[in-house]
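First, one chain by itself in structure tokens, the form predicted on its own.
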């Protein structure tokens, strides 16, 4: 087997080999010049002797220079993270071999430390990104030098390297940060409000770190969103206020009739039957009122959570028509379904969408003209119409229109139909039962589904409530 020939040793120009040989040979040149001048040695012999010294220096310096060149190339390659094996080195000097071994040991040590530090950094980052609340770090100049995933989701993915006062526009918050940066405080806690990207109530805790290096984190800012808690508190207070207000009248009626039955009408059977019927109606009203209030509170609590299930609108409409068929018959009306064939399943909460169609259809039967038909039409729409201050989903949608042949609704009443407990005066005059919460529930369900609701009413085509729902969410 033939041996692989060794690669010829070539020196690079930047090794300055010639300069080294001439510099080492300079003392001998001066000695020979002195000897020729003193006639101790003649000029030809001096030249021959100097040439011999130069050749000796070349033979002596070349291996050392070549090994020094290899060491430099090897260490440079390691510093640039290039793959190179020390087996490729051709070293004869023990000192050079020891240098390579020391460099390899140092490189291995720091590589292990780097891998460990990188793994720890990734682990710490993963832990911080898993936290549900925003966390940011700022340096001595108020520049954001670190942020977890929650912070990026709330304030934008490109907040790093930005000044904190450009990310959070709250004077109280910025003043608290400045007090800490100027050394007037070690920690700050405050509640503040922001309007972008949405109106939010936030709690911030700003804490100065125990130690800091130049241009690194000086303080950490943790933020907690109090918006949802504030909404829950408002819903609870509204629920108590609304319930107490609306229940006061029926409770007073029932209490009055009970007192009458216990006294003057104690032995009057006709009065008892009449009063008990009224008390039953008031009890049913209170039961419906409480059920609607609880339903409304539950829907509002889920408003920030997009639905995930799939819903077949044809099946929903058929279920509603079957459930209300008897009531429609009692009003000498019927529910007609007009559903296009190309209606896809939509991403929606089945029970809530059923409640929307049922509330609208029930109202159409209740307030429509007897001996007329109620129409539920479902078709596709290119998009959802937009309304100021209402977040709607872009893209294709479905359109659910519920029409009755009732009297025209005035513009003033149209504007207030979805208000809680609002009932038109003519309905009260006709003693038509209702809690005034049905359309409020419809509105909140549509808001949760990022849809919209429109109402059209005239004397010729009656009143049409049209619900727009997205087919899916981004």
Ligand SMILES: Nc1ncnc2c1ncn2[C@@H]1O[C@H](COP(=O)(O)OP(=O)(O)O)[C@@H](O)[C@H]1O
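This structure is a prediction, so every number in the text was calculated from the model and none was measured. Numbering follows the first chain given and starts at 1.
In what follows, reference is made to the form predicted together with the ligand, a form of this protein that is not presented.
Residues 404, 409 and 437 all lining the ligand in the predicted bound form, heavy atom within 4.5 Å: Yes: 404, 409 and 437 each sit within 4.5 Å of the ligand in the predicted bound form.
Exercise: residue 463 in contact with the ligand in the predicted bound form, heavy atom 4.5 Å: Looking in the predicted bound form, residue contacts with the ligand include residue 463, since a heavy atom lies within 4.5 Å.
Any non-hydrogen atom of residue 257 within 4.5 angstroms of the ligand in the predicted bound form: Because no heavy atom of residue 257 falls inside 4.5 Å of the ligand in the predicted bound form, the answer is no.
Distance check, residue 355 to the ligand in the predicted bound form, heavy atom within 4.5 Å: Residue 355: no, not in contact with the ligand in the predicted bound form.
Proximity of residue 364 to the ligand in the predicted bound form, heavy atoms at 4.5 Å: Yes, contact at 4.5 Å.
Listed residue (56, 50, 422, 34) with a non-hydrogen atom within 4.5 angstroms of the ligand in the predicted bound form: By the 4.5 Å heavy-atom cutoff, the listed residue in contact is 422.
Heavy atom within 4.5 Å of the ligand in the predicted bound form - the one residue of 417, 41, 447, 68 that qualifies: Checked against the cut-off, the match is 417.
Contact stretch among 296-304, 268-276, 364-372, 342-350 - heavy atom within 4.5 Å of the ligand in the predicted bound form: Selected range: 364-372.
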